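Before any questions on binding or motion, here is one chain by itself as structure tokens, the form predicted alone.
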Amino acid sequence: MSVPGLAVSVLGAGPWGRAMACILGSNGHLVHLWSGDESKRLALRTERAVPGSAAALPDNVVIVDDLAQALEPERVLFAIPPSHASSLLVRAAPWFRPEHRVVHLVRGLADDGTPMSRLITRETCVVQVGALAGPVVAAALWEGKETAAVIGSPFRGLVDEVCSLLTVPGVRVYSSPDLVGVEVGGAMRTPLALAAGVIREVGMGPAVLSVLLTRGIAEAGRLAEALGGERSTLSGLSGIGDWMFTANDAADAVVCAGMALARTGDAAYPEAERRVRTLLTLSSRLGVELPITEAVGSMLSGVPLQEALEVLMMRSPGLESA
């Protein structure tokens, strides 16, 4: 059951940030919603409308202009894309406090391959961090569709509090102590969604999609383990649960980018391409094989689909669990 009357900060007013602000405000909490875009802050403050939804921001969602005010609450939801996360954390560091509890909503790694939770603790004095992931998207929250998510964090008090904050009808929130595993699942969503779009566009069929997703578990599991996480986490909501949902959503932006990549040779989605490059750089540094991600990366670099597929299929046979 949600405990009303708490104060929460939401950094980032994109679809995720606005969805979370609406949920928190509807649950009776005071929300400080901040965006680095002045025009977006003005529009949200004057119109209270949420773009792409019939919902409006509750009155207890306050649009704030400066980071000092935004970070007055001890509870923080961080909804900033990886490409902007590091610079924002450096700017905001003077106003973070050790008692802050930060849960990020980012399905991606920092540009240098650092999991977002570690970036937060590296750039600020924050100790207690977590990540929200799983087969849940902003549009589903707006429409009241039944869904589920998982919060990864070793801090039980943080997990319990955020689960309480986000309790709404139709949304089930689970927990995992494997923070890194949850983050890797979110990060691997991008190359797997691009690959799913390619499969959809060229009509390879459901069998190939099944191979993609199950081998994705092994691939992401290797990366999670190399970063100190657990392979088994990728068989849960933040891994295969999220990927299955995404791969079967023809309207998903990353899946659509994969379809465009197969059709034209250009994904036309710089943020997705950036996330794939980050994963490839990280795999090289750690010595971890990510063959699906490598195949997607080669296509992003202009290698024809058939050639990328042949390289992938000609890999030496190995154990399925490896």
Partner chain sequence: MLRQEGIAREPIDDREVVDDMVRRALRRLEGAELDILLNECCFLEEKRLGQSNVAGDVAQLKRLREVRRRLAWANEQELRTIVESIVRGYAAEIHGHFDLGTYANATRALPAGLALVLGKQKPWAVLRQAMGGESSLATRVRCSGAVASFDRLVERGTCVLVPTHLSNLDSPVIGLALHQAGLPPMIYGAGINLFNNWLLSWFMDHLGAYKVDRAKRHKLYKEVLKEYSTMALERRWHSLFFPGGTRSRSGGLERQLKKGLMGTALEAYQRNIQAGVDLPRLYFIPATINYRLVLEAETLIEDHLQEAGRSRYIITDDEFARPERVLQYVRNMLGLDDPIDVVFGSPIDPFGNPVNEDGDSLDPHGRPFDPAGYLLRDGAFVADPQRDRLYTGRLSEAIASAFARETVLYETHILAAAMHRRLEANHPSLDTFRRLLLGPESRTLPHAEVEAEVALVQRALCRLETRGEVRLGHGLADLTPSELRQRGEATFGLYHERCAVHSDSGASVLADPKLALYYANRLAGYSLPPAGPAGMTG
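Quick caveat, the model's predicted, so the values are computed rather than measured. Numbering follows the first chain given and starts at 1.
Keep in mind that the form predicted in complex with its partner chain is missing from the display, and what follows is about it.
Chemist: So, Phe245 and its partner chain: in the model of the complex, are they within 4.5 Å at any heavy atom pair?
Modeler: Taking the distances in the model of the complex, the answer for Phe245 is no, it never comes within 4.5 Å of its partner chain.
Chemist: I'd like to know if Phe155 sits close to its partner chain in the model of the complex, meaning any non-hydrogen atom pair within 4.5 angstroms.
Modeler: Looking in the model of the complex, residue contacts with its partner chain include Phe155, since a heavy atom lies within 4.5 Å.
Chemist: Looking in the model of the complex, any heavy atom of Cys125 within 4.5 Å of its partner chain?
Modeler: Because a heavy atom of Cys125 falls inside 4.5 Å of its partner chain in the model of the complex, the answer is yes.
Chemist: Should Glu74 be counted as a contact of its partner chain in the model of the complex, where contact means heavy atoms within 4.5 Å?
Modeler: Yes, Glu74 is a contact residue.
Chemist: Scan Gly228, Gly144, Pro81, Pro94 and let me know which has any heavy atom within 4.5 Å of its partner chain in the model of the complex.
Modeler: Contact residue from the list: Pro94.
Chemist: Exactly one of Thr121, Thr114, Ser235, Ser175 has a non-hydrogen atom within 4.5 Å of its partner chain in the model of the complex; which residue is it?
Modeler: Looking at the other structure, the residue within range turns out to be Thr121.
Chemist: Where, among 127-135, 189-197, 164-172, 204-212, do residues come within 4.5 Å of its partner chain in the model of the complex by heavy atom distance?
Modeler: Of the options given, it is 127-135.
Chemist: Heavy atoms within 4.5 Å of its partner chain in the model of the complex is the criterion; list the residues of 81-117 that meet it.
Modeler: Heavy-atom contacts to its partner chain in the model of the complex: Val90, Ala93, Pro94, Pro98, Glu99, Arg101.
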